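Just the one chain here, the form predicted on its own, laid out as structure tokens.
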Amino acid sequence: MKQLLANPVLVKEIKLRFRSLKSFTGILFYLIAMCIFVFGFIMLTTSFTGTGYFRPEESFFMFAMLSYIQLGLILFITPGLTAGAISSEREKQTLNILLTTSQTSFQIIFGKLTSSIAFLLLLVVAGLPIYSLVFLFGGVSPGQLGIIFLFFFLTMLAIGGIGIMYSTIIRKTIVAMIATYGTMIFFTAVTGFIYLVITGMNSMAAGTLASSPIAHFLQVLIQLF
């Protein structure tokens, strides 16, 4: 493990990515957008109800909306970070030089993928103070937040692995990016359709609109594999 973390490719990619002004500008605008959504949601909800306070059901709905926003962000950004990891080296004609070093192919791919996942984790963790507003109003447990963040991490690994695979197989970065986005959209649409079908069947059988744990499990399982 220590040898993997001491990977020169990983160190170089992390330094370049985390020292870039563009990366932190993107995080700043992302947090500003999240804050606008949260405070706008609170103002609209309290204005419509006329009570001046949040109910637990409203707080949980805000938590769900924040989770969907972050999931959409992960689905949108991850292919862009990973689909050009290897193909861009080939286009810049630096891949052959990289392969002549003492680094193995696994170490090169591991370094590229880990640096991208680390930036995405920073993006998700940066939104934790906004999530703390949900705990202020109640309705959400820390366990639910942990499950959501675990799902985010597994989604990053799955889509990031697909992006690295296409980046290795396809020579052109733009083609690899299109293939990654296409695969991601396909898996998202298929898992969403399966979720709706199973939830609909469950609600018809029970007579109420209830969310089925089996639907959630199949959605996560198919999206990962």
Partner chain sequence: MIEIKGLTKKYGSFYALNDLNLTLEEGTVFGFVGANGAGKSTTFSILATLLQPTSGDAFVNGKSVKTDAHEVRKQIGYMPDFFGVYDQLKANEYLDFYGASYGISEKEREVLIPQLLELVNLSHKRYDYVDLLSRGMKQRLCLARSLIHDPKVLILDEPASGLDPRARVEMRDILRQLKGMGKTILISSHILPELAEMCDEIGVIDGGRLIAHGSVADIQAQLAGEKQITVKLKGLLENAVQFFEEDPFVSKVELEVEKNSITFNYRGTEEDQINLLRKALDQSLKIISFSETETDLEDVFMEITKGVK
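Positions refer to the first chain, counted from 1. Because the structure is predicted, anything quoted here is derived from the model rather than measured.
The discussion below concerns the form predicted together with its partner chain, not included here.
Undergrad: If you check in the model of the complex, is residue 9 within 4.5 Å of its partner chain, heavy atoms only?
TA: Yes, residue 9 lies within 4.5 Å of its partner chain in the model of the complex.
Undergrad: Is the gap between residue 128 and its partner chain in the model of the complex 4.5 Å or less for some heavy atom pair?
TA: Answer no; every heavy atom of residue 128 is more than 4.5 Å from its partner chain in the model of the complex.
Undergrad: If you check in the model of the complex, is residue 147 within 4.5 Å of its partner chain, heavy atoms only?
TA: Close contact is absent here: in the model of the complex, residue 147 is far from its partner chain, nothing within 4.5 Å, heavy atoms only.
Undergrad: Is there a heavy atom of residue 25 lying 4.5 Å or less from a heavy atom of its partner chain in the model of the complex?
TA: It does not: once its partner chain is placed as it appears in the model of the complex, residue 25 has no heavy atom within 4.5 Å of it.
Undergrad: Among 129-137, 114-122, 91-99, 151-159, mark the stretch whose residues have heavy atoms within 4.5 Å of its partner chain in the model of the complex.
TA: Within 4.5 Å of the partner lies stretch 91-99.
Undergrad: Of 144-175, which residues get within 4.5 Å of its partner chain in the model of the complex if you count heavy atoms?
TA: Going through 144-175 in order - heavy atoms within 4.5 Å of its partner chain in the model of the complex - there are no hits.
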